[in-house]
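So this first bit is one chain, no partners, the form predicted alone, shown in structure tokens.
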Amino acid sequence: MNSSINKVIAITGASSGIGAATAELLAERGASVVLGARRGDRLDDLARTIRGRGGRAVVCETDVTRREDLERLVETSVEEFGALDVLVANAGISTIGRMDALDVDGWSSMIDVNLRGVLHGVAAALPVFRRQGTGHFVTTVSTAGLKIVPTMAVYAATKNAVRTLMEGLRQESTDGVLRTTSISPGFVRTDLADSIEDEELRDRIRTRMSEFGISPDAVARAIAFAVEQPSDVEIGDITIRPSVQD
């Protein structure tokens, strides 16, 4: 363990993929991490791994669609480590499909997790950041919002809504207290495709991930780069994708 990132960092969607990789890397670099996700057993395993390597980690089961869960995640950070310096809003789902499939329930789920979940985090953490005089919101968005393609319209819309939200918050917060960073990954080897109902589409996305998707560790390094900057430097947007992705 080193101490290049001496901060308290809460992470949603921390039980696998980008969230888990980010938690491990930040803890390795000296951060105290608060792990939030719905799958408590996976969080427990991850926390044990981090502690076994000399890091600091606590678990807080979190469903981002529930405002009270985000409040509890923030409260846990403050109670366990005395502060919350960074909230990494990483939880997300991708129930993608053609618009004419009329998957209204899937659309609602993406809005609830991908957008409302971030808003719940902002509502929970912003008062703490203001009280401390410092704070950093890092959100995982997507290259799907940069290049709109069939089957991803609603998913991209939720991610672009978050991108807009972070930019608006940035412009409201130029007093040096808050920083915001939006990370846009392309194809990454995660289990995000598991939430796709359309079997053919799910298999196609999984194939592309396995063929040229980058490791979650690559995205974790990008997040760490933004987080470790001095307080007068803000990394607003990072796009990270496979070099062969069109």
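Values in this document were obtained by computation on a predicted structure and should not be read as measured data. Residue numbers here begin at 1 and follow the sequence given.
The same protein also has a form predicted in complex with a small molecule, omitted here; what follows describes it.
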**OP:** State yes or no: in the model of the complex, is some non-hydrogen atom of Val113 no more than 4.5 angstroms from a non-hydrogen atom of the small molecule?
**Re:** yes
**OP:** Considering only heavy atoms, tell me if Gly55 and the small molecule come within 4.5 Å of each other in the model of the complex.
**Re:** no
Subject >> Close approach of Arg221 to the small molecule in the model of the complex, 4.5 Å, heavy atom >> reply: no
**OP:** Look up in the model of the complex whether Arg48 has a non-hydrogen atom within 4.5 angstroms of the small molecule, and give yes or no.
**Re:** no
Subject >> Position in contact with the small molecule when the complex is considered in the model of the complex, options Ile196, Ala27, Val59, Val188, heavy atoms within 4.5 Å >> reply: Val188
Original post:
Okay, which stretch from 71-79, 138-146, 163-171, 100-108 lines the small molecule in the model of the complex, with non-hydrogen atoms inside 4.5 Å?
Top reply: 138-146
